[in-house]
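Here's a solo chain for you in structure tokens, the form predicted alone.
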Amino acid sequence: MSDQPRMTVEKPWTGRFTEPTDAFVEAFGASVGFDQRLWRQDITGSMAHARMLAEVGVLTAEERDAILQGLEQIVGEIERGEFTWSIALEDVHMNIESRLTALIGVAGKKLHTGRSRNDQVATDIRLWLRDEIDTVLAELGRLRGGLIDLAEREAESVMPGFTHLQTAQPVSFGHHMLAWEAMLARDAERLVDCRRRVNRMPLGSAALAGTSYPIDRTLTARLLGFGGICENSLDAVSDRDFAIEFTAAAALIMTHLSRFSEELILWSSAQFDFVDLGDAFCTGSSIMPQKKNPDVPELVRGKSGRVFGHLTALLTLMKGQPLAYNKDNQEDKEPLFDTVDTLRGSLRVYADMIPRMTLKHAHMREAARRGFSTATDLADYLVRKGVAFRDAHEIVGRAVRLGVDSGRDLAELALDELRQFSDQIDDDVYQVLTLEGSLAARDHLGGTAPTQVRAACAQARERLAG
């Protein structure tokens, strides 16, 4: 960021003051180093405000046109990197207004009629966040689509399902991927719901009490594409609950991505060896040539804490403030900006990585076979033969003990060995002791049977398209 000489800058509020701002205080209080990111939204809001002021007769058509032309020129200057940002002018709003006045004269000074930086910045943030939510939703959709594709392709692939990170029951790998997609689908619902509250316009609330000018807030809202208007001026300029709500939704998404990361880190280890992540998403070791480190999942897992911290920071920022606007709210932008950047980056890298992941089917299948994952199927088999479930549970537990002692899975025990625990066991038992039989038996809505996984993929794809 470049800085204009301090002596040449005239602040728009100096009439009340008898001495200039202390140089350190000026730098300490300036936000232009980070809020210049809102320049496009600031100019968009100013253009709508100017059109509205002309419509109600506060500005002439000539003044409106001069303002619009001047703002268009500033857009070009910023896009070409020719615009000079000044710390002495504090923030994005005063930098743009000062440049506009330099370009078009007195008409530029009239742009701020009927508004305050308080409602201006609240409007800018909402406009910016509205667009960012749309981008995040698009990245979420891309990741969800990749998971659905993978789930459909791997509907019949067997892996061990875990509870307490111990082998529990066999599941379809596709079913597992749809569990991830279901989490992200709820995340998308939360963002869509959050966007409705973000998409309400504070502009026209002025500093805190509204304005005495005959403004038309409905017209301004329509020009800016807002779905509603913040109806109480005090609330409109002072609360940042919409930013907190978004950050909370982002924290949940990062929680889910962190859980996915934990599984991928485990699955790609030599001890599990279920998947191989693409080389483009891993790094090696500077000393151990055999290493292939799952850096992307590890980084995403770590970045989740960053977003959690931003949520705590925003909650703490807001909790002690009396109405209406306070300078504390200058501190809302950096946590919000970084939350968006972190979330977008994490979703993007995941959406890129998932389609390039290779499955090690034989290793997953062997892990499912080793862990007595069909024990519950044997208990269910006995229940269908008339054995009470608790008795069946005890019978299967003794059979598992024999398997543990002899180093064999249940399906590897001979029929006469199984019948020593219950004479209800016949040779048809081996149909339920196979991994495929276990999967196929769970043929109901939400179950892991391949037919259900494919049906769930179709439903998930339909939800995503809708």
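One rule holds for the numbers: they count along the sequence shown, beginning at 1. On a predicted model such as this, the values are computed, not experimentally measured, just so you know.
This protein has a second form, the form predicted together with ligand ARG, left out of what is shown; the following refers to that one.
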Exercise for review: Give a yes or no on whether each residue among 93, 329 and 333 has a heavy atom within 4.5 Å of ligand ARG in the predicted complex.
Suggested key: yes
Review point. Within a 4.5 Å heavy atom cut-off, is residue 176 in contact with ligand ARG in the predicted complex?
Key: no
Exercise for review: Indicate whether residue 121 is a 4.5 Å heavy atom neighbour of ligand ARG in the predicted complex.
Suggested key: yes
Practice item. Using the partner position in the predicted complex, report whether residue 242 sits within 4.5 Å of ligand ARG, counting heavy atoms only. Key: no
Check your understanding: Is residue 325 close to ligand ARG in the predicted complex, meaning a heavy atom pair under 4.5 Å apart or at it?
Key -> yes
Revision key, fill the gap. Exactly one listed stretch (28-36, 413-421, 428-436, 51-59) reaches within 4.5 angstroms of ligand ARG in the predicted complex by non-hydrogen atoms, and it is 28-36
Point to revise | Heavy atom within 4.5 Å of ligand ARG in the predicted complex - the one residue of 110, 117, 195, 200 that qualifies | key: 117
Practice item. Determine the residues of 148-165 with a heavy atom within 4.5 Å of ligand ARG in the predicted complex and present them in sequence order; the list may be empty. Key: none
